[in-house]
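Next up is one chain by itself, shown in structure tokens, the form predicted alone.
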């Protein structure tokens, strides 16, 4: 089986799962191409999603697409990857599997969305996987949600998915629609999912990317690490740039800044507010915490 894995991973969790999957697929004598599109300038700076995919992707039988869950949905830019997939042909495989990692609060409706988009692209989803991981903002804050995850606890699920992929060449004609199993959130959570709009929250609600100029040493590390290539420079000082200036608040830039020159609007006051919000959101019984069971899974559950 020739398997293509496309992954977008600002915090590294989804990439870690993709590499685990690649390792197990190769061990089972599958041919694998792992395409990490994180910080791909052609895609995220120039908007050439279709062109980049056409150029980089090798012929395959099955495509896996890995995304983090943002605001209970497939990450906004990963949706553009789904929407720009060419129709299946001699190069582009007809079988597909989405997988997501999420920061412990909720996987939302991400897998259901992904399966729907894959079907719209003309593909047959044969499985889907969610993996609980550390929360993307935990590195910067006092709140620690699933610190150190994903780790070895994810391996049984990744191994199960690899086994299903290895079997797919002979049994994909018997694949049944498992969409109903992805309808696992309760009414409250579905309502919250309907309210949460990633692009609007990033643009209007969350604090804006800010650089303290006299702290900046103009090293350019933040420009390199931005997963959606939204950081440019003016007189060598970082600033939000490009036609689409929406920051996805992954905090990758703050993690690599050697002088803590990057903050968000009101400095420590805003970090404290983000910390407070995450405490509320991640708390058991919170309106925004789904407390879903199982926490990690491969669908369809057999």
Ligand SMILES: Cc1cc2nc3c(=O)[nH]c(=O)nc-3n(C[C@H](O)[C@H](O)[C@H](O)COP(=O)(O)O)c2cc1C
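Residue numbers count along the first chain shown, from 1. Quantities reported herein were computed from a predicted structural model and do not represent experimental measurements. Each form is matched to the other, and the largest set of C-alpha atoms that superpose within 1.5 Å is called the rigid core.
Separately, the form predicted in complex with the ligand exists; it is not shown, and the next lines address it.
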Choose from 61-69, 40-48, 22-30, 255-263 the stretch whose residues reach within 4.5 Å of the ligand in the predicted bound form, heavy atoms counted.
-> 61-69
Answer key: of 248, 241, 53, 35, within 4.5 Å of the ligand in the predicted bound form (heavy atoms) is 248
Could you spot which one of 206, 184, 178, 76 gets a heavy atom to within 4.5 Å of the ligand in the predicted bound form?
-> 206
Determine whether any heavy atom of residue 116 comes within 4.5 Å of a heavy atom of the ligand in the predicted bound form, and answer yes or no.
-> no
Hey, in the predicted bound form, does residue 103 get a heavy atom within 4.5 angstroms of the ligand?
-> yes
Flag residue 202 as yes or no: does it have a non-hydrogen atom within 4.5 angstroms of any non-hydrogen atom of the ligand in the predicted bound form?
-> yes
Is there any non-hydrogen atom of residue 111 lying within 4.5 Å of the ligand in the predicted bound form?
-> no
Rigid core fitted, is the C-alpha displacement of residue 84 between this form and the one not shown 2 Å or more?
-> no
Once you line up the core, how about residue 185: does its CA shift reach 2 Å between this form and the one not shown?
-> yes
